[in-house]
Structures are given as structure tokens and as C-alpha cells.
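Single chain ahead, written as C-alpha cells, the form predicted alone.
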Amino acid sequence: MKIGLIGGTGDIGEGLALRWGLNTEHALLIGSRKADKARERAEEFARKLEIAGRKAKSGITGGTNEDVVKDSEIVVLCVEAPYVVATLRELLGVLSPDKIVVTPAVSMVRKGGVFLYAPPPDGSMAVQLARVLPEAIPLVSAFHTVPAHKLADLSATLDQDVVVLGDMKDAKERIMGLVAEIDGLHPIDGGPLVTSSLVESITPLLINLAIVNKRKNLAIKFV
């Protein structure tokens, strides 16, 4: 499988690339507006895997966001929330129903020293992105509560649940399978996309809990 990480040069892109590269045979494609930057980061990720004693079985490569989407079966939007809608609009010409789009985006603002959930008028980032996409293209919402820095730290042990939401059963189950391929991440079906706001709002809660209690990399686990 070919997994494209759009805007994948940042923290969440690095974490997903390293963790999937560590344990799977999927080809990983790092996307950026600038191809040179994407290639540099892809090489850096590959070196980190080698230092960890592993090598991405199918390789990690970099290119422009458009080229990465063309070549990928799974397209993960690793773009910050303020820019993700514009980025998706730019990529509509190279998206097709045989690709699954994944969004971990959360809209939030910092006010008075704490973070507040700030959903768009559509109710959630996932629903807003779904309105941009043609109906035939599957959209899955996932990875909102996975700490990016811990994900990218290969010395860190993960043990947390990941809520996955979507309206197309096959697409959602496929992404749940990819979540399960990362050691320590446990996928759980969160229902339809319209309920994504319930999960997205947990992200600022986790950040605030970490700040107030002086703890890092908080995540969720259902017991």
C-alpha cells in the first residue's frame, strides 16, 4: 500500500512515517509544497529508522503534495487546521474515489492560557472537509488524540486508543487496520463522521490537562 502524508514534514507526519516505517511494508510518501523540503525530510526519517535498527521496507520518499496524492492510495492530511481546507481544495484535481482521505485536524484557539475547541460552522473539521470533497471520495477522521511528539519518539512506548470515524464502512475499516499496525495504538469505531466533533474536542482537553498538571503526551484509553 502507498500512504501519502500531505504536509508530512511536520510532527504528526514524522510520527506516522516513522511508526508505519518501523512495522509495515507500506511505501511512505512525504508531501510538501516544496519538493526539496519533502525529500530532505524523507531522507531524515529514513536515517532515524536506520539508527533505530530498522529500515522502511518499501522506502520513504518525498515530493510535492500533488505528486504524492497522485501516487497514494491513502492520503493523510497532516496540515494544520487553519490551512487544511485550502490545501484540500488545491488537491481536488488529483483526488479520486479509489483513494481514502484521512483527517486528524482539530480547530482550536488559545485564550487566557488555555486551549479552547473552536469548531467551524459545519460543526467539526471533518464535516467541513467532507463538504469540500466529492461524495464519492471516502473521508475518515482519526488520530486526533495521539500526541505527535511521542509518536515521533521511537524510544517511547505507546498504549492508547484511537477513535476512527467515517460514513463509508470499508474505508473506515481499512484505516482502523492501519492504526492497528502501529504498536500500542488500538483502533475503536467511533461511528459516523458527523460525530467527529466529540472526538476533536478531546484534543484541547488533553493539552489543557497536560499544562495544568505538568504532564506530557497525554492520550486516551477507554476502560
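Each residue number is its position in the shown sequence, starting from 1. Keep in mind that what you see is a predicted model, and the values were worked out from it rather than measured.
The form predicted in complex with a further copy of the same chain is left out here; the points below concern that form.
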item: Contact of residue 38 with a further copy of the same chain in the predicted complex (heavy atom, 4.5 Å); value: no
item: Proximity of residue 60 to a further copy of the same chain in the predicted complex, heavy atoms at 4.5 Å; value: no
item: Exercise: residue 160 in contact with a further copy of the same chain in the predicted complex, heavy atom 4.5 Å; value: yes
item: is_contact(residue 16, a further copy of the same chain) in the predicted complex, heavy atom dist at most 4.5 Å; value: no
item: One residue of 181, 189, 170, 50 in contact with a further copy of the same chain, assessed in the predicted complex (non-hydrogen atom, 4.5 angstroms); value: 189
item: Every residue of 194, 202 and 217 near a further copy of the same chain in the predicted complex, heavy atom within 4.5 Å; value: yes
item: Stretch from 108 to 116, 133 to 141, 74 to 82, 88 to 96 whose residues place a heavy atom within 4.5 Å of a further copy of the same chain in the predicted complex; value: 108 to 116
item: Residues in 203 to 223 with any heavy atom within 4.5 Å of a further copy of the same chain in the predicted complex; value: 204, 205, 206, 208, 209, 212, 213, 215, 217, 218, 219, 220, 221, 222, 223
